[in-house]
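Presented as structure tokens, the chain that follows is alone, the form predicted on its own.
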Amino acid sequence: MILDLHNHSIKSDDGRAKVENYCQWIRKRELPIDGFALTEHRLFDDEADYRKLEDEFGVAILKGSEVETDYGHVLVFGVNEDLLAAFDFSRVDLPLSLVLESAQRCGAVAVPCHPGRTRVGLCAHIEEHGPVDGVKIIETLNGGSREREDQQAMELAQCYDYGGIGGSDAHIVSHVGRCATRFANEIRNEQDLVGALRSGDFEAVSWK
């Protein structure tokens, strides 16, 4: 099963795509993905219900978040009430160690994204401040990153034995499906996604 794990809808402050339009684009272009995750900036959308769209278009639509830490941006999957109470998603200066520890304790997974990107990526922060315990997975393929940035991310993953996921980081409809993550088993919901990520049985893929 292939899921694009990093996308933003109009619920993000810089998102320009409606979720329905992502679904229509995937069908129209016959993109080779089985679903996608919405990772809105600094918030978790616990109100939207996309089950009708999932049924209509035959795609899985999962929800996560992208939070901002002192080591750059981080995707969070498996968000639940415990995690929402653990830290303020709207902060732009969250300690990465707090996000990692909270995710682990609350049954979620935290994944630093676009690590090679200037200022908001993990690579530069590790170079300056050293690695952070608890990082197990990073986004090695990002649809919005330049080739050198993805290369830096893959080198970082190899250096520290991190797992690597892929996501498009789409903010507009035509950018969905540029990068994704292939899983060995079916992912039906966010809990399945957390289990699959924790198992380590996945790989990043790209169509950039």
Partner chain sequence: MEVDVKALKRDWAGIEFDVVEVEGKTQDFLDFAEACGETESRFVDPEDADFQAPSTFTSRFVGRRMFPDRFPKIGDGFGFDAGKCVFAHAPFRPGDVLTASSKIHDIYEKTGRSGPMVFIVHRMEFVNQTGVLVSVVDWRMVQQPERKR
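Positions refer to the first chain, counted from 1. Quick caveat: nothing in here was measured; it's all calculated off a predicted structure.
The next section is about a form of this same protein that is not shown, the form predicted in complex with its partner chain.
Which of 66-74, 45-53, 179-187, 151-159 sits within 4.5 Å of its partner chain in the predicted complex, heavy atom basis: Of the options given, it is 66-74.
Whether E101, K136 and Q191 all lie within 4.5 angstroms of its partner chain in the predicted complex by heavy atom: The answer is no: none of the three residues contacts the partner (heavy atom, 4.5 Å cut-off).
Its partner chain contact in the predicted complex: G144, any heavy atom under 4.5 Å: Yes.
Distance check, R105 to its partner chain in the predicted complex, heavy atom within 4.5 Å: Output for R105 is no: heavy atoms all beyond 4.5 Å of its partner chain.
Touches its partner chain in the predicted complex: V92 (any heavy atom, 4.5 Å): V92 belongs to the contact set for its partner chain.
Contact label in the predicted complex: V120 to its partner chain, heavy atom within 4.5 Å: V120 belongs to the contact set for its partner chain.
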